[in-house]
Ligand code: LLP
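Let's start with one chain on its own, the form predicted alone, as structure tokens.
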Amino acid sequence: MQLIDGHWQLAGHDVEDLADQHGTPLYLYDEQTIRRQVKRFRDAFSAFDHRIHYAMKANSNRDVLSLMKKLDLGIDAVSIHEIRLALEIGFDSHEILFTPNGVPFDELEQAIELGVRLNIENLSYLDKLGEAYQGDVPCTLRVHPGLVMPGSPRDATGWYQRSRFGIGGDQISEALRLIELHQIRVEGLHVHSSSMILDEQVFGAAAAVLLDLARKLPSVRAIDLGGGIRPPYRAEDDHPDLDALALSLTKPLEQFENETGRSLQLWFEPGRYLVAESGTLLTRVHVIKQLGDRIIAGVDTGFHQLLRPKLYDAWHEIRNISNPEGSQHLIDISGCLCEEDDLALQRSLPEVREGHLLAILNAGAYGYSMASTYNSRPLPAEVVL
């Protein structure tokens, strides 16, 4: 978003005009930002044979998905409904990786009928897959890395230990027994990452866990390091060092190839990294009120349309589109729900008045895709620029 001659513009469009045309609340997505992020990711890992599966749970807008198809990305899907949407958009079934959690086994059977790749994350699914298909259906195995990394960020290692996703280290021997019993062809190994995993030491260690297991499974031809790479949300946030992450993989992969004679493809499942910065949520101020020493701007959106601040205490930059050069004042931005619905507290913004248009930035990931019709309020419009 650029301020040109006193007017905020996004992808060459006047933001106020877009709000007037489509109404508010309104999600806007900048296609060029998505293209830039895909290129950055590809460039960083260009030294490796790699494949990107876009985590569509981050943003499943049909035009965004069509763009990912044009850019030759695959899809990471987590429900049969996401699979069907991806197929409608035009993705081939072999381009879709399905990682279900806690769903009835018949969802896996439907996915198999549709021809997508399965990512199995528990012993129950693995056993049922083997019994039902007797080795005729290949899969990827999702493992829990169980990492304890001295010297790495506490939130990163702590998250890895708490995560419920994947087959734990103490269950690997049983998984190997089931694989042998049912002659299951495991073609890939996967680890779930988190948006807080930015440390190359943790990233490389997760790859090492997968490679150790790949030595025991000769049918493995790919390791999947998930997503877990988030863009900055504040000006002072560090940008993820993709080059450092790539470098952390070089030695373990070379060592594996030298020992086994097998060359593995790298898979990634970025979602937030590719789309977060592309998105802006426009909202109109309808009420200014004072309560004690608080000045509160009541807007026409809320956590029903942007849940991240409520759910994760997430921080999103906010701009006053209507008064970009006004004097700065501290203000709280609160939503329209019959709940404690604060989107931002004590923000310094150019003076906000009733009728002003505000822009909430970095809202392209887990914004509309997590929205609801709580309080019977309709979903907002989405526009891809």
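This one's a predicted model, so the numbers in the text were calculated from it and none came from an experiment. Residue positions are given as counts along the sequence shown, with the first one as 1.
Keep in mind the form predicted in complex with the named molecule is missing from the figure; the text below concerns it.
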From the candidate stretches 228-236, 258-266, 242-250, 121-129, select the single one in contact with the named molecule in the model of the complex, where contact means a heavy atom within 4.5 Å. 228-236
Looking at the partner-bound form in the model of the complex, is Tyr366 within 4.5 Å of the named molecule by any heavy atom? yes
State yes or no: in the model of the complex, is some non-hydrogen atom of Arg308 no more than 4.5 angstroms from a non-hydrogen atom of the named molecule? yes
Classify Gly271 as contacting or not contacting the named molecule in the model of the complex by the rule of any non-hydrogen atom within 4.5 angstroms, answering yes or no. yes
Please run the contact check for Met370 against the named molecule in the model of the complex: heavy atoms, 4.5 angstroms, yes or no? yes
Quick check: do Lys57, Arg142 and His190 each get a heavy atom within 4.5 Å of the named molecule in the model of the complex? yes
